[in-house]
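Let's start with one chain on its own, the form predicted alone, as structure tokens.
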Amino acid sequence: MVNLTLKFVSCCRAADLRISTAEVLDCVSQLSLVNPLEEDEFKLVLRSNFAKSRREQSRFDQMYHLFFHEMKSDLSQVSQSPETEQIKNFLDQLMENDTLDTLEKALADFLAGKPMAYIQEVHKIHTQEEQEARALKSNMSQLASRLQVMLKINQIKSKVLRFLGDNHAAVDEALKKKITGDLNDRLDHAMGLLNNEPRPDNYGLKEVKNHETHYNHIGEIPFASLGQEEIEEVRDVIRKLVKKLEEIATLRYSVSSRGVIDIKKTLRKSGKYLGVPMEIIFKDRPLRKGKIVALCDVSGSVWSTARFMLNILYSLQECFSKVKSYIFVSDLMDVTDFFKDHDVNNAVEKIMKDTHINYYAPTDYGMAFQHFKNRHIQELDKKTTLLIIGDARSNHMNPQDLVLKRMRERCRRVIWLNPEQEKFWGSGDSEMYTYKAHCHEVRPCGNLNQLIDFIEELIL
């Protein structure tokens, strides 16, 4: 049982599950307290030790099913039989070729019931990051890696048929059919592991679907459909909202400058007054202001939402310790200085005129996230709210959602505002459901009422 558990741990580590030696020792000691033949108890012990968060549970379940169910027909572990001998001969013949590359050796080990090397190869493909193409824009590098694995699997399937054909005299039809089925099932499991890319569980995701009606007419018009007069009306509304929120936030922080009530010390002091809290003790710790990093898609109708969001954020920047803003289509640019040197409304207009962003390039969220990780990842810390404004339509380019996962791990929370209606998420080239797995909060934000709801919640 110990050796079996250690093999399973090796597979989990190859799949990027973090499992320490201490956790393995705890698991082994706990297995002695349950009946390993009762699968529910056995799986519960492994899961409670090796899946340390709900986001890791789906990956653990995938590895458990692969190792203990899909790989259970490990014929090399059972007593010798004609079927075992034929499979062993095939694998020996396959491994005799000195020109086998790493992938082919990993597949041969997978057929022999040792999946760790193949899991490592698949994990490399799933986590492969696209590099910027200088000439032709494409996301083919990861697809090419997947295609290479698929071709190798098909080649091995052909070798299985040829091997059994060469040994037709020594193998009867029933046995031949059984061997072919077992090997093809194992290769199908290998293909499934490649194609079923794991998605983390995100049970804590906050999805906001409804909004209050602050303004009946102007509040429900999509930002992209506003006329010039309506834009000026929205700006007047935003100015009033900013003034209101500034007053509330100023009062809030001035009151908190003396700290919040220290319950423990106050109750301790009340002892000499027969339990009546005559003296109120405050903690000398004022409220902390958060930090905002905004990534704004400036292509098409998304910019209509982004410009009003940037307008509000910088009008309320006294409510935050720091506000950093980046715009992108496929490349990424820091536009924070525009707001330092100009009035908010002028800065928004200058961003569209004086930046070097190619507004006519195909939108590529994956490459924009890659650029942010390479150049500005240090801006994210545990006090930072990462605010992404975009429709998540990436023109079928590689979404590179694992880059967003790394960004999530560094910041306090990730909030995605999508100007599209929710019924269109996931349609066509939208990667919204892919990115949603790495966000703390997602909400549609395409009109003034939805924007006011979000800003009030963010500030208050």
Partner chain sequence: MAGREGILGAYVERPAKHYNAAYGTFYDAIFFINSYGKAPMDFKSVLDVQERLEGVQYISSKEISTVVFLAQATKKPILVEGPAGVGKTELAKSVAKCLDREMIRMQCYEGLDESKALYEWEYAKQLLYTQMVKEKIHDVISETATLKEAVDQIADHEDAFFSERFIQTRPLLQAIRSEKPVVLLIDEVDKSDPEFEAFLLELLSDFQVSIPEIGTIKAVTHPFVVLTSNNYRDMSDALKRRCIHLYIDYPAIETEMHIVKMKLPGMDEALLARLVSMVARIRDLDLKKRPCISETLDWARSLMVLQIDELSAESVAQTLNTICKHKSDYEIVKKNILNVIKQG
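Rigid core here is just the name for the largest C-alpha set that superposes within 1.5 Å across the two forms. Positions refer to the first chain, counted from 1. All of these numbers come straight from a predicted model, not from anything done at the bench.
Below: the form predicted together with the partner chain, not depicted.
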| property | result |
| --- | --- |
| Heavy atom of Q228 within 4.5 Å of the partner chain in the predicted bound form | no |
| Partner proximity in the predicted bound form: L33 to the partner chain, non-hydrogen atom cutoff 4.5 Å | yes |
| Proximity of E38 to the partner chain in the predicted bound form, heavy atoms at 4.5 Å | yes |
| In the predicted bound form, L274 touching the partner chain (heavy atom, 4.5 Å) | yes |
| Contact check for R18, K209 and R408 against the partner chain in the predicted bound form, heavy atom at 4.5 Å | yes |
| L151, L267, L161, M191 - the one with a heavy atom within 4.5 Å of the partner chain in the predicted bound form | L267 |
| Interface residue in the predicted bound form among K382, K322, K340, K240, criterion: non-hydrogen atom within 4.5 angstroms of the partner chain | K382 |
| Segment that reaches the partner chain in the predicted bound form - one of 423 to 431, 393 to 401, 61 to 69, 44 to 52, heavy atoms within 4.5 Å | 44 to 52 |
| Core-aligned CA displacement of M352 at least 2 Å between the shown form and the other one | no |
| Per-residue C-alpha change between the shown form and the other one, V34, threshold 2 Å, rigid core fit | yes |
| Post core alignment: A224 C-alpha displaced by 2 Å or more between the shown form and the other one | no |
